[in-house]
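In structure tokens, the next block holds one chain alone, the form predicted alone.
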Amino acid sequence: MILHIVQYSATQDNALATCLRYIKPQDTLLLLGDGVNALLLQKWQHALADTQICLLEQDVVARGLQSRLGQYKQLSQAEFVHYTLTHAKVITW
């Protein structure tokens, strides 16, 4: 079980696309920073439909996207740290 972290915008970087080539169904994808913006685009909503996704809450709030991304699990900083400890590996793309 791997925690994949993507922090760059999917429109400006290929990190998310590369991550999706390697992610497995049991893995978790954490979007933070500009990475949360990917879920505003239908292309990425469909591509990530079968992926366990969570977002860093402070980045969603900082961008004023709470209502638009409210359906996705959002992690506090403490939960983020917990996730890094409970997954066998952490890969930052």
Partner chain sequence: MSKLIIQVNQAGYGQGSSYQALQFTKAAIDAGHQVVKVFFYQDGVLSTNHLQSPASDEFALYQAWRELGQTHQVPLVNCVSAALRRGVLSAAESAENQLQHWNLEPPFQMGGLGELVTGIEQADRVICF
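Computed from a predicted structure; not experimentally measured. Numbering follows the first chain given and starts at 1.
The same protein also exists as the form predicted together with its partner chain; that form is not shown, yet it is the one meant from here on.
Among the residues L32, A38, L29, L48, the one placing a heavy atom within 4.5 Å of its partner chain in the predicted complex is L32. With a 4.5 Å cutoff on heavy atoms, L55 does not count as touching its partner chain in the predicted complex; it lies far away. In the predicted complex, at least one heavy atom of V90 sits within 4.5 Å of its partner chain. Within 4.5 Å of some heavy atom of its partner chain in the predicted complex lies at least one heavy atom of T84. Taking non-hydrogen atoms only, F80 approaches its partner chain to within 4.5 angstroms in the predicted complex.
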